[in-house]
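The chain that follows stands alone, in the form predicted on its own, written as structure tokens.
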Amino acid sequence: MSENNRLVHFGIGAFHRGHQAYYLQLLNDTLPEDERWYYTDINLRQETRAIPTALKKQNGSYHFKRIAPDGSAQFIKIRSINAVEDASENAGVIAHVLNDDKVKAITITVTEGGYYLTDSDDLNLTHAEIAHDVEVIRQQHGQPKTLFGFLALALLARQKMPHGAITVATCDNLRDNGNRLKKVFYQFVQAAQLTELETWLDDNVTFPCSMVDRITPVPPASLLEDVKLHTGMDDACPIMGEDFEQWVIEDNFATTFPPLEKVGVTFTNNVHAFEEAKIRILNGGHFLLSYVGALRGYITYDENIRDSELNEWLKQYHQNEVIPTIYDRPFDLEEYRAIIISRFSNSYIADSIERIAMDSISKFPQFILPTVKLNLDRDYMPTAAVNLIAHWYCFLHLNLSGRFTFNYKDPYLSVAQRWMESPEPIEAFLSDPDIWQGLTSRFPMFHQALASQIQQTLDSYEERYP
């Protein structure tokens, strides 16, 4: 048994280490040892084993270089992760770790594609990996491949405990993330015919919504030397990130949760207002401008902001189309926008456009579509969005046709491939129900304006990408 209260984290990426583990370190710095909380981090996928392996050799500790826009930096040693496990080949690790009364919550960071959602926000039970995991859990034999399979193993272990109640807190950019995870996880449990587990979940597990924010780019190889120079310590797996952080989490916990409000975390019953502002202003702006920057040959996002034309396009999008359609405002949105532009311009972070641009097919309905819809509903043509969306389409078109080389990764790339293989690719894109959810048929003038802008934008790149 653990001596301290614990959290378990699924997935060990840079964002988790620069966000949840960072906040827990801040909290621990204020507490006596016997009141501190620690993380057990569990790797789930074989392709992500390198960092967990290195982290385990360091007993979970590492350095975080926290960088301000002026280049000044802190080197913070994070010691809040003190156990690292790998379930990618031996799923039995899950039950072993979770069978501990001191474990009070599971936190999760997944990409939008990791939810395997259909256009109706249901679990895609026909996806090969989900179908595989349903059988693994139903038969209680085999190795899961998805979050749902591993989470089922965790909660089956908790179900067997006398006091197994636990909070499952997902920390990602999906709107209403806790409720959506709960919905699709229940669908997974039902498909696996775990009737008793489903009943137990109702009384013992909560899925709070949350909003998280911090830019944690892929660190350069030089970061290892940088850490050594400033700390005198060897570190095989340091991370870096900006000096801005935010965590807003729904006050909906199944049992004890660390008192993170002491170090700036917001506990609230209205996460939606915070996440709407963040997802539409920050993530939406990140998303749309990344494809224009990529087509202009930029490597890092700060180059977009230093391009006066792109900076103006983003300003028009924010001020004319996003901010006017955010009606529940938890803070001053123009001030928030100015902070975001400052963050985006941080050349010391040098966040790669390649990282931001990935997974666009699943991101678009989350980050951009609500802004488009709300503007059309108020009879306003979102011309900035039209221009930027046209560049997204052109990015995909030119990349898939081989005219523009870019290391683009997307588990749903086959969707875009189907558009491009259609006799009328632009119309195939504009009629895709998962992307547009009926908007282009409801608003034919928008359909026409975007089709025209896409063709105009494609024509403008003819010389550059013949």
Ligand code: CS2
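What you see is a predicted model; the values in this text were computed from it and never measured. Position 1 is the first residue in the sequence shown; the rest follow in order.
Same protein, other form: the form predicted in complex with ligand CS2, not shown, and the subject of what follows.
Within 4.5 Å of ligand CS2 in the model of the complex, a heavy atom is found for not a single one of Q20, I108 and F257.
In terms of contact with ligand CS2 in the model of the complex, the residue from L288, L151, V212, V271 that brings a heavy atom within 4.5 Å is V212. Comment: ligand CS2 is not present in this chain, but in the model of the complex one of K278, R79, K182, K145 has a heavy atom within 4.5 Å of it, namely K278.
Residues with any non-hydrogen atom within 4.5 angstroms of ligand CS2 in the model of the complex fall in just one of 155-163, 292-300, 95-103, 213-221: 213-221. Though the partner is left out of this view, F446 does not reach within 4.5 Å of ligand CS2 in the model of the complex, counting heavy atoms only. The closest heavy atom approach of Q366 to ligand CS2 in the model of the complex falls outside 4.5 Å. At a distance threshold of 4.5 angstroms between non-hydrogen atoms, R355 is in contact with ligand CS2 in the model of the complex. A residue is said to contact a partner when one of its heavy atoms sits within 4.5 Å of a partner heavy atom; N173 meets this definition for ligand CS2 in the model of the complex. Taking ligand CS2 as it sits in the model of the complex, the stretch 15-42 comes within 4.5 angstroms of it through a non-hydrogen atom at just one residue, F15.
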